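Just so you know, structure 1 and structure 2 below are the same protein chain in two forms, each on its own as structure tokens.
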Structure 1
Amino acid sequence: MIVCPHSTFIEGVGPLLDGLVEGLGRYNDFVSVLAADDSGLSFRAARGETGVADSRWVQRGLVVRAQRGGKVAEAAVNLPEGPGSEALVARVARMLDELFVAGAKVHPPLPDEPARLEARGNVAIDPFETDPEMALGRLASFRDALLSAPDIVSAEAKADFVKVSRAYRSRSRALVQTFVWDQAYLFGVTRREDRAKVSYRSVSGLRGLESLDELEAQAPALASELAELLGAGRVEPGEYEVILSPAMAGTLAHEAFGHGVETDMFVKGRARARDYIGKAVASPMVTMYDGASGVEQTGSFLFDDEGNLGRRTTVIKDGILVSGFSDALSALALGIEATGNGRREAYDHKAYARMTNTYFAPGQSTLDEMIASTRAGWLLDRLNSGMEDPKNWGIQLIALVGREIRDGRFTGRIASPVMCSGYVPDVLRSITMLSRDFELGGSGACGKGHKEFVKVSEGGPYVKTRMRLG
């Protein structure tokens, strides 16, 4: 395995960060600096074309947070100026002065517990040191293999690799981390006469180009599924027993008590979950977590964008809503401990309380047992989208593949797409079985209010519950 080196910028920025903390510390009660230098490549093989470009997640810059008389302000700069820190200290000091004069919220003192830590990930095949034609050639072969199947009229293979390199300094903390996350997709469209259907496969993790092996292995199943979907019908609207695949169940967790327990939403009065801490909100067999540590996926890291160490937070324990997860400022406002969930889309964006890896804990059942126990229902897979209203607890998921179950067996009938909806506590309290299988996926991004995107993952076991379908 190849250990990921820190970027040249991050390797050399330490003295500058220390100078900023020392220089600005003369005028402020607290000072921290986050340096971000993320690079990435996006590979694509569509019909008749291939290409490689910079990833949308590329960034380089600094964000300074300062506290003065209880007020907190932040200033972002894209590139340090000059060989030393004096000019930059003066520039940032002016920016902060203007922000403090303009007004800022008053908070208790920001904590600054001592920590000096470094983390570097590893990959088997470094995507940044390998000839891009190798990745493009493999993706093109996946595309062409899918296009060779009957009735498939369009296919596309994509892969993104992003090297995250960050450093954080405060008076008491010196943290550095570098790792690579990956996501890759294979999409197909099948058409016969006036009927067209779409499906996909995706993989993700903290890996390099070796992730393409996993995507290639899933291509035959995708071709077979696309052929089946040409015969797909519709679900008669109504309430059914449903078995959610790990990806569908993970989105249920993400939407139900992910966004709903981001504690900055508690502060703003936009999350109903705040009134249910310590109360039953799910079946007693349900335990749910969020955390950047304990699992490895695209939402994993050593420290967040406010210098707090990643951890695992128990959100639901045995059906009881235990805790939300927080950024530093909402934690101060609520008088709770920050959980390492302060995340920014980029260095020049605000930090919010955001999810990392969100998932249900596995249960004791097998998938076969869950199917056998279903009298009239559907197995739902291939998430298309999900959304939730944290104020009113309504939830909606859309699956691209539904497989009908009657009297404990698949009937062979397929539906696509399938819309699932429900009231969050009803859906979670209706959970009767969870599988021993466990799977996390992080091939998408999470937005906050349709903006402020960050990488996350979600998943868990297969989950059996009841939902309204249509």
Structure 2
Amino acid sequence: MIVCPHSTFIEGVGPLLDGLVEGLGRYNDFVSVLAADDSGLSFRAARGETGVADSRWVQRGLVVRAQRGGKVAEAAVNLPEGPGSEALVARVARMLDELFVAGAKVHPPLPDEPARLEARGNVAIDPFETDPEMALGRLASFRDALLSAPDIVSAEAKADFVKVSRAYRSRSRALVQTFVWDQAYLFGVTRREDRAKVSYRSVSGLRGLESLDELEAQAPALASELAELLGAGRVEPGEYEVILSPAMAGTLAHEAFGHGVETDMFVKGRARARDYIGKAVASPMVTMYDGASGVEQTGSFLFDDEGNLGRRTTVIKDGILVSGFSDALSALALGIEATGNGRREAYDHKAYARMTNTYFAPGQSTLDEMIASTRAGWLLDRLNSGMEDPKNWGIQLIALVGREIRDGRFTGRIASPVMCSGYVPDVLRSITMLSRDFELGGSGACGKGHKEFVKVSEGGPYVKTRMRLG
């Protein structure tokens, strides 16, 4: 395996960060600086073309957080100010001065426990040092395999590799981390006359170009699925038994008690879950986690964007809501410990309480047993999107593929898309089976509202429950 080196910028930025902490520390009670230098490559093969570009996640810059008289402000910059830190200190000081306005909230003092840590990830095939032709050639062959199937009018194969390189400094903390995450997709559009359907396969992790092997293995199944989807109908509206694939189940976890226990939502009075800590919110067989540590996926890291170390939080234990997860400011406001979930879309975005890797713990059943136990329901797969409603506990999931089950067997009928909705506690309390499988997927991005996208993963086992479908 190849150990990922820190970026040149991150290797050399330490003195600048120390200068900012020291210089701005003269005017402020607390100062921290996060430096980010994330590089990335995006390889793509679509119909009639291939291309290479920087990933959309590329960034380089600094964000300074300062606390003065309890008020908190941040200044984000990426402009050079010449050698040394003095000029940058002066610039950031000017920006901060304008932000400490009368009437702003007085927060408790930000903690600054000592820590000095460094972490570097590794990959088998380094995407940044390999001839791009290798990745493009393989993606083009995946694309061509899809396009050779009847009725597939458009196909795209894409692979992203992002090297995250970050450094955090405060008076007591010096943290550095570098690792690579990957995501790759195969996407197809099938169309015949006035019908069009889409589906995909995706893989993700903390790997290099070796991830393409996993993607390649999934191409034949995608072609077959697209052919089936042209004959897909719709589900008759109603409530059904549903078996959610690990990706769908993970998104249920994510939307139901992921966003719902982000503790900045507690502070705003936007999350009903705050009143349910210590109470039953799900079937006793349900245990759910969120954490940057404990699993290796796209939501993993050593420290978050506020300099707090990642950990694993037990959100639901045996059906009881145990804990939320926090960014630094909401933890302060609530008098709880920060859990290492303070994350930013980029250095020039605010940190919020965000998910990392969110999943249900596996159960004891097999998928076959779950199907056999279903009288009238649907197996739902290929997540399209999900949306939370933490105050009112509604939930929306869209599956691109639904397969009908009657009397314990697949009928051969397929539906696309399938809109799933429900009242969160009803859905979680109705869980009757969880499979022994465990899969995490991190090929998407999670927004807060409709912005502030961060990489997360989600998953777990197959989950059987009841939902309204349409």
Partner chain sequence: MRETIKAVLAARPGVADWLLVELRKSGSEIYLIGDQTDISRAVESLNYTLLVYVDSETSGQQSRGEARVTLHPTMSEEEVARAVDRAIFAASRSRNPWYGLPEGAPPLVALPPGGFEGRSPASWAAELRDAILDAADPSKGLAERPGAMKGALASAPRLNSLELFLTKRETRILSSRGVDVGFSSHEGYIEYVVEAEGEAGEVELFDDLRFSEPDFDRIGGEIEGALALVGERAHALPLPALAGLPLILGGKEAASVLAWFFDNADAGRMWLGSSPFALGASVHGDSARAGEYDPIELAAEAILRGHPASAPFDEEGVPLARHPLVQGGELRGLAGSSRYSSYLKLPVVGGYRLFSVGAGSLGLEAMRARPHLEVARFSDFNVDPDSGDFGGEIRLGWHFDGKRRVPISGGSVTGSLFENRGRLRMSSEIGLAGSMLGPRNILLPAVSITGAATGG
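Basically, rigid core = biggest C-alpha set you can superpose within 1.5 Å across the two forms. A quick note: this is a predicted structure, and the numbers were derived from the prediction, not measured. For residue numbers, the reference is structure 1: its sequence is counted from 1.
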Shown alone, the chain in the form predicted together with its partner chain appears as structure 2
Would the C-alpha of Asp151 be classed as shifted by 2 Å or more between structures 1 and 2 after rigid-core alignment?
-> yes
After fitting the rigid core, is the C-alpha of Glu193 off by 2 Å or more between structures 1 and 2?
-> yes
Against the rigid core, is the Cα displacement of Gly412 between structures 1 and 2 at least 2 Å?
-> yes
Once the two forms are fitted on their core, CA shift of Val101 between structures 1 and 2 in Å | 3.7
